[in-house]
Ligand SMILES: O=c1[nH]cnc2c1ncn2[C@@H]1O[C@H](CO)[C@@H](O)[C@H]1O
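So this first bit is one chain, no partners, the form predicted on its own, shown in structure tokens.
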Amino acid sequence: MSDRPTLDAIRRAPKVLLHDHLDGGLRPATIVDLAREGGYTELPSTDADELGAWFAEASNSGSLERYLETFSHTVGVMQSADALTRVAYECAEDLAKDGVVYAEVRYAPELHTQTGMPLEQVVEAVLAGFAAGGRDHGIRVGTLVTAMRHQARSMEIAELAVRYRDQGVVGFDIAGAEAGYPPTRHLDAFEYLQRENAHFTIHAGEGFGLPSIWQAIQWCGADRLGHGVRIIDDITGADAPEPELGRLAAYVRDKRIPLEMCPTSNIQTGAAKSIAEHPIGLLRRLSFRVTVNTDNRLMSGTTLSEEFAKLVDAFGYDWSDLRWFTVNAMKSAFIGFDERLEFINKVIKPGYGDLV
């Protein structure tokens, strides 16, 4: 493969997204609409352009408090079934427009019950939006239901994941502050999921280091790692021709445990200093199972195509690298092996072949 990929060309490439938060990807105009319809009065602006600028400024402020405040507004307007269905539909539409052919989008049902909606209604509303958006825009979207690691509802949410797994919920996740809230607090939920032969990923190695990753894998049995950037702490001689992997890093690489990396988001949260210094460069060179993701498209002002374009600029990646990331992601998806193969052989490889 030749020619340096441009952003426009990358948008045409078939892409796979594994780490994207539903409440982190709303359109500013939709937030304004839903706030008006739902009586939410806390928005910093009711002008869509001004609101979009506020989200960007707050997200890039370097203040974790201001960054987290942005989610209070998006979650605040996602408190009805109609709002959830609309947000999910528009998410599918926006991803499809960016060339994403398969996505797994996550959200925490427990955050959308402020008006008394039962958890089941939350899940069904989101599934309805993704089903309609998928049909209309030619994208397959699976959902991950997330439990908040500082709360005590993980078993409830894990049971939801199993109950709805034949309707479009493909897996489970825990999210929230890592420090002080280790994944082992939710061990009963993970053991339940394993007994049910269900898939799960765990946010680990973003705000906290190697112990978080170790617990997620060796105690909890995570199929994938959400972020996982701090695995670099177990690699010495990063600039040497042959860096040395510690026991944990070697295990993660050798077991092909997927890393759901989100470069722009990691810079905003301080997990990486810049795209050029992001661990993804070294981890790709060492052939870890690296995938590229958006995390929160609104807060990071990004798309999956833009994440790829930033990596092309920083590391000189070509089409073969982008295809490698994409195939990695599809191999790591929480759907059947036959479905993954079909995407790889009939959609991804031909799609990249057309771009050479």
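Residues carry their position along the shown sequence, with the first being 1. Worth saying up front: this structure is predicted, and the values here are computed from it rather than measured.
The same protein also exists as the form predicted in complex with the ligand; that form is not shown, yet it is the one meant from here on.
*Asks:* Only one of these stretches, 243-251, 160-168, 124-132, 99-107, has heavy atoms within 4.5 Å of the ligand in the model of the complex; which one is it?
*Replies:* The contacting stretch is 99-107.
*Asks:* I need to confirm a contact call. Of 75, 275, 282, 81, which residue comes within 4.5 Å of the ligand in the model of the complex, counting heavy atoms only?
*Replies:* Of the listed residues, the single hit is 75.
*Asks:* Taking the ligand in the model of the complex as the reference, which of 324, 67, 315, 54 has a non-hydrogen atom within 4.5 Å?
*Replies:* Only one option qualifies, and that one is 67.
*Asks:* Should residue 212 be classed as touching the ligand in the model of the complex when contacts are defined as heavy atoms within 4.5 Å?
*Replies:* Residue 212: no contact with the ligand in the model of the complex.
*Asks:* Using the partner position in the model of the complex, report whether residue 176 sits within 4.5 Å of the ligand, counting heavy atoms only.
*Replies:* Yes, residue 176 lies within 4.5 Å of the ligand in the model of the complex.
*Asks:* Are any of the heavy atoms in residue 206 no more than 4.5 Å from a heavy atom of the ligand in the model of the complex?
*Replies:* Result yes; residue 206 sits at the interface with the ligand in the model of the complex.
*Asks:* Contact with the ligand in the model of the complex for residue 111, defined as at least one heavy atom pair within 4.5 Å: yes or no?
*Replies:* Yes.
*Asks:* Relative to the ligand in the model of the complex, which residues of 291-306 have a heavy atom no more than 4.5 Å away?
*Replies:* Heavy-atom contacts to the ligand in the model of the complex: 295, 296.
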